[in-house]
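This document starts with one chain, in the form predicted alone, laid out as structure tokens.
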Amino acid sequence: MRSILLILMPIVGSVVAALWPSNRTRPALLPIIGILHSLLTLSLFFDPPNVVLEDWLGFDALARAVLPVVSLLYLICSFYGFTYLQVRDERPNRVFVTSMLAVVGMMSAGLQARHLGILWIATEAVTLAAGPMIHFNGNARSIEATWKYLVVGGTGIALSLLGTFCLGYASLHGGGDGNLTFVALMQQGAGLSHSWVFIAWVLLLVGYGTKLGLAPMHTWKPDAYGEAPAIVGAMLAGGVTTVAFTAILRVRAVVGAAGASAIADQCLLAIGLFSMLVAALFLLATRDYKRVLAYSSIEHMGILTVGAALGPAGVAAALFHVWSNSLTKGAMFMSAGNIRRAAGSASMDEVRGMVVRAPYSVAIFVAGMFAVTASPPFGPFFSELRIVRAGFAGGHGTAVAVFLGCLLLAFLGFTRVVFPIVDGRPSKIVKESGKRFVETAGIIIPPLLLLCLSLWLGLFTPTVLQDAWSAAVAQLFPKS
């Protein structure tokens, strides 16, 4: 029952937000629900409930390994969001707050989904609920970004549904009863029709890969991340993508049980490295620092996918990277949002000398840049190092070389954009942007806290977290 409350609590909060009369006080619902959701998640993490094998929803080992960081990310973002919406009081926030809480509820459902149909419903609900948040600014570019997000994301979800049907038919064709719980499908294992399993794997990988933002299904990300408010970018990059990644891990476990591990891992490795390469090349060309974060997200989704292709050790490293990337990317999105509002532009051609106008945000952004490009001692360095070690242990030396090359290109692309924005004489657009930008505690402490958590995760990775990742790996690879 406690795990179901993780879904119901934000949904009830969403209904309350929709009915709440005051535009000024409504944003307070974001941190209130955030505190309650995080406390409940924490209690479930340290005292996990017994999950019945046939349950369609449950706080199982995989949910325990990733849901806490999504809840933590939302909690910290909610305080930033409260301050942000107070500043943006010229815009009505009823739809924004309602949508944000609905997204949290559906993410909680998606991460706990143990049934392929429930997983699809939750992912579709997240897609629809997030659309209005991307549209918050109400200008032409945000409208275009919203439509791209819905159209491309909707296409991916449609392919996921078709893949779900195919996996169900693989069970029926193999003599099963069509039970779509992941436990039942894994138990049927080799009895599943191999041809239908392969078709289902391709469709589900492309479908959920679209939500993950893997290349070449990534086309919605630069627009959505570039035009959405910072808190939305943080939740999309660290929360919604986590739902899609866990979906791929659960499906990969079924494909492995059916005896097709090798081809599944080859697909994951190829698409992961391709995504990293595409992202690195775009990072070397883009001049919009918010879009830089979008391409960085594509790169890191590729990193997760590469980890998922490297067996139990790689999956454990990928779960570590889910945490380190979510915390670091959240800090970067919020600090970039501050810089965007201080500068009045997101283009490096128009923005210079931001260290003078927004020194604290710039400091967090620069530190976040080093963290997200795997510089020690931040969390991403150690999670990516574990992926590299898993690659060498699995005999994938060439893939590791490509992996490291893409990381180097991404670092060069990041520095090419970030340092000109930070340094130099303030540009004309910065000088003419109006009154001095005030960096209040409400917009500085949340990204700073996320960055400190990323540092802490790298230096002092708690044993209890490593045990949770190991338990999730044991669930996904029961015979390993």
Partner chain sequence: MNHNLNLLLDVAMGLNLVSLACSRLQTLIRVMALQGVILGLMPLVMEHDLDWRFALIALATVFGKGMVIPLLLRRAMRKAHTDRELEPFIGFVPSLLLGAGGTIAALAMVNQLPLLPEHTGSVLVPAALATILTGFILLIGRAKAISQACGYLILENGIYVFGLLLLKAMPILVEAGVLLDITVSVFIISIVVDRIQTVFDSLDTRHLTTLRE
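Positions refer to the first chain, counted from 1. Note that the coordinates shown come from a computational prediction; the quantities given were computed from them, not determined experimentally.
Note that the form predicted in complex with its partner chain isn't included here; everything after this is about it.
- Does the trio 32, 49 and 94 actually contact its partner chain in the model of the complex, every residue with a heavy atom within 4.5 Å? Zero of three within 4.5 Å in the model of the complex.
Its partner chain isn't shown here, but in the model of the complex, which of 80 to 88, 396 to 404, 272 to 280, 285 to 293 has heavy atoms within 4.5 Å of it?
Stretch 285 to 293 is the one.
Which one of 268, 410, 215, 145 is close to its partner chain in the model of the complex, taking close to mean a heavy atom within 4.5 Å?
-> It is 145 that has a heavy atom within 4.5 Å of the partner.
Identify which of 189, 344, 178, 377 has a heavy atom within 4.5 Å of its partner chain in the model of the complex; exactly one of them does. Of the candidates 189, 344, 178, 377, 178 is the one lying within 4.5 Å of its partner chain in the model of the complex.
query = Is residue 419 close to its partner chain in the model of the complex, meaning a heavy atom pair under 4.5 Å apart or at it?
reply = Answer no; every heavy atom of residue 419 is more than 4.5 Å from its partner chain in the model of the complex.
Item checked: Touches its partner chain in the model of the complex: residue 261 (any heavy atom, 4.5 Å) -> Contact check for residue 261: no, nothing within 4.5 Å of its partner chain in the model of the complex.
Contact flag, residue 355 vs its partner chain in the model of the complex, heavy atom cut 4.5 Å: Answer no; every heavy atom of residue 355 is more than 4.5 Å from its partner chain in the model of the complex.
- Item | residue 299 within 4.5 Å of its partner chain in the model of the complex, heavy atoms | No, no contact at 4.5 Å.
- Item | Sequence-ordered list of residues in 172 to 202 near its partner chain in the model of the complex, where near means a heavy atom within 4.5 Å | Counting only heavy atoms within 4.5 Å of its partner chain in the model of the complex, the contacting residues of 172 to 202 are 172, 173, 177, 178, 180, 195, 196, 199.
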